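For reference, the chain that follows is the form predicted on its own, supplied as structure tokens.
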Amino acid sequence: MRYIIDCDPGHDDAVAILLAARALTISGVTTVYGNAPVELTTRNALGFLDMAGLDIPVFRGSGTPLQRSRIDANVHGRSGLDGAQLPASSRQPEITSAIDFIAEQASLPGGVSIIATGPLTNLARALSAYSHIESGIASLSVMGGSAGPGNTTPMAEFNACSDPEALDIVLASAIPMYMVGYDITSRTGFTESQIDCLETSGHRVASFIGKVMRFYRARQLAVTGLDIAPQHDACAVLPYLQPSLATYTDYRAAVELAGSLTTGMVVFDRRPGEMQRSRPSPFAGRRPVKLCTALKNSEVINMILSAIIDYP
């Protein structure tokens, strides 16, 4: 199976890229605004791939949401990947746009799976422009939304809140989909001692990750109160690496697009089947997503640490 990583690097995006690239065939990295403007997330993707020795093409994507103004993340620093100096890449992004690349890959025999760790604007635009590609996307794993409190508004997670219309377009598609939300990923992260191990490992890539995670943990503590460097985005790789480390439950889902207090909230229909059938439902016709409802946190973090520390 071929994979695309659709991302907005981003501290935890960088870890997700490393984790996926060690075991999966990555056809390309597509970038989107989110943790920083798309110019910076694209630069970060190119520089990080070079540093890690990963010869994966990068395709620049959307710089703005479908309908709304871009909102700023406040835990990743000005560059989107603060905490250590990332060498500038000699490469440029490919001429093909991220939207066109997604469509090309989904049109090839065998299809493609997508790991999405930023706002879903690229995929929503690709589905709108190329309606035939829906059947060519074998599966999608999304880090986004929350089945509990949010981190951008009381009920909305950052990726979902950045472009709720895009996420709802994807949820309304027929693409088989895994989803892991902030309520789960915010409990899964590196402690200070684990960051020390990375930074002092003697390995260039692991040391870089340790340095940027030290910055990231400090910002998380200041902004969100989390005393870890959460690995939100790496959790989206799990369905393709270690699905046994997560528990998934099928629910239909939609995004609140107009609530005065809840815009960007992902609503999961958890009612018993008979209750769902007894009344008209906004979820009618939607394919259930596999929502992550639990993770084996320590095992997930140990797997991620091992992949980084052992990285060539």
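The numbering used is simple: start at 1 and walk along the sequence shown. Worth saying up front: this structure is predicted, and the values here are computed from it rather than measured.
What comes next is about the form predicted in complex with a small molecule, which does not appear here.
Taking the partner from elsewhere, residue 188 is found to have every heavy atom lying beyond 4.5 Å of the small molecule in the predicted bound form.
Using a 4.5 Å cutoff between non-hydrogen atoms, residue 44 does not count as a contact of the small molecule in the predicted bound form. Contact annotation for residue 141: none of its heavy atoms lies within 4.5 Å of the small molecule in the predicted bound form. The shortest heavy atom separation between residue 151 and the small molecule in the predicted bound form is within 4.5 Å.
Figure note: of the listed segments 229-237, 94-102, 163-171, 204-212, the one touching the small molecule in the predicted bound form, with heavy atoms no more than 4.5 Å away, is 229-237.
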